[in-house]
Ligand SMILES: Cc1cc2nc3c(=O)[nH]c(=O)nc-3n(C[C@H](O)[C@H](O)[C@H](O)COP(=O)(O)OP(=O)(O)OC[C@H]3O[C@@H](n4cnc5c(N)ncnc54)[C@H](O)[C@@H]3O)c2cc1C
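Before any questions on binding or motion, here is one chain by itself as structure tokens, the form predicted on its own.
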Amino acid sequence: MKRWNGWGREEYNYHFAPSAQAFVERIVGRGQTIPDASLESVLKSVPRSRLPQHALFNHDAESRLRHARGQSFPDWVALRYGTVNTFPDAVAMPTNQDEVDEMVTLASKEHFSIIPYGGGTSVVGHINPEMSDTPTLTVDMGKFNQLLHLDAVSQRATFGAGVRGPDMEDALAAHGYRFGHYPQSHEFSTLGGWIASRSVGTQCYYYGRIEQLFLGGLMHTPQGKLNLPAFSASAAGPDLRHFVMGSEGRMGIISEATVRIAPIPEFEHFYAVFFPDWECGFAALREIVQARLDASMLRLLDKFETETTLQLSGKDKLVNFADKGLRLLKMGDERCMMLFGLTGLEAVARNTLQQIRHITSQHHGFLEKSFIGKMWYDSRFTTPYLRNNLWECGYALDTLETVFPWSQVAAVKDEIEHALFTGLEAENEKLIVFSHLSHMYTDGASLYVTYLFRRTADADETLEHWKKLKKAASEVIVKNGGTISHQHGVGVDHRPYLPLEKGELGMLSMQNFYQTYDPERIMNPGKLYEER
């Protein structure tokens, strides 16, 4: 079963080695072991539902709690400390299109709000009910999880929008295909959620971002069904798919989607390259990207993330062996690591490998072909479980991400890291901060920053520490002209910064568009923007 107050399945535990805990303690100090609020105590705080009885409504307290929060930092604080203060009044799990329509029609008639729910993996507050006098119904699309149609000749497939990543890949693999959209939340996130939040996967260079994969589908709005025909391309006016992507539930509920698929690749392998310093790795990475080489995944870790990744792996013997070997190659404390994947035809992959080897060697890189890339691949969906271990040892962890042109991204990285490193100086608290470039484009790169700090026994104090850090880093991003989100979306956490990116007229046009489909403002209120 999925954890009610953390990440992932209850039966899986990340191996958090004593050496990994000691590494964290050396940098930020010993964490407090603070007992979590029990499920029973939090259930007692679930209020009486304000929605009437209905055949599709589940008023059970535990179901309402499990749909009340996602995976944002404020969500973790609320669940772990037992301070959850808003809940959906009921949860519905429709099984067909008519039932979805019934929920939306009933919400308009009875004046309650609807929150579309996919996998509950949002890290910016997409699925949280507002504090409001208006009742809220969370509509869980988990039963819309089937492969509805496969067109092998055209390499496209139609799925129910509630299908989760692994189930989607299993259904396609039975026919020799793959979707290839692999965000870190892949284990639980859904197709509809990826569309609604403009998700991007780790192997997007080969398979594409969600906007390149989403061909069309069906959305249920308070004004009726919006059918998006699955055209390969169209010049017939504005593309309405782009209003649906990133709409974060403000327009309606996505019930099905047609997407591009690809054959299971003939070849796939992941590699690591070590560089003596960030400057060498950065130069090599940009050259690879701007040469448009056929890598499926590229990632450049700075020296802090390179070290932290190895230390937190818990593989002490491998870490010691790697450290000794790299130091013999004159790669000391400033070393950084690039990860890359090759996917597709083996002949093409072999040729690309030689080209990447040539470029990286020109920048003093050492290619490791066996262990590190496989270690990343094997742990790419289990690494989020480490957050559970850290929390239980007294440490809070969060991430932020943006994108900048190549000419700016390195300098902005330094500025963001400085804002975080010094963000809790007044509280005499130290942080671990590390970064990587995670998605690359010929003109720029996505910057992904992770920061870890000690939590306290007081929920409000822990949350205030996070707010201070989040605000400091976000202000650096917007001051330098970066996007407030490259892949996590807006939700509630990034809402204050969206007007700075879109402008007054842009915000007005967006709000007016969504109001066309939802004039009574019942769809996921408070996300993306505050009501006028």
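Just count from 1 along the sequence shown to find any residue number. All values reported here derive from a predicted model rather than from experimental measurement.
The discussion below concerns the form predicted together with the named molecule, not included here.
Think of it this way: in the predicted complex, the named molecule has a heavy atom of just one of 117, 453, 87, 207 within 4.5 Å, and the residue is 117. Of the residues 192, 423, 94, 180, just one reaches the named molecule in the predicted complex with a heavy atom at 4.5 Å or closer; this is 192. The candidate spot formed by 337, 343 and 365 lies out of contact with the named molecule in the predicted complex, as no residue has a heavy atom within 4.5 Å of it. Taking the partner from the other structure, the named molecule in the predicted complex has no heavy atom within 4.5 Å of any heavy atom of residue 302. Residue 488 belongs to the set of residues with a heavy atom inside 4.5 Å of the named molecule in the predicted complex. Proximity of residue 184 to the named molecule in the predicted complex falls within the 4.5 Å heavy atom cutoff. The shortest heavy atom separation between residue 252 and the named molecule in the predicted complex is within 4.5 Å. Contact annotation: the named molecule lies within 4.5 Å of heavy atoms from the stretch 196 to 204 in the predicted complex, the single such stretch among 369 to 377, 196 to 204, 412 to 420, 221 to 229.
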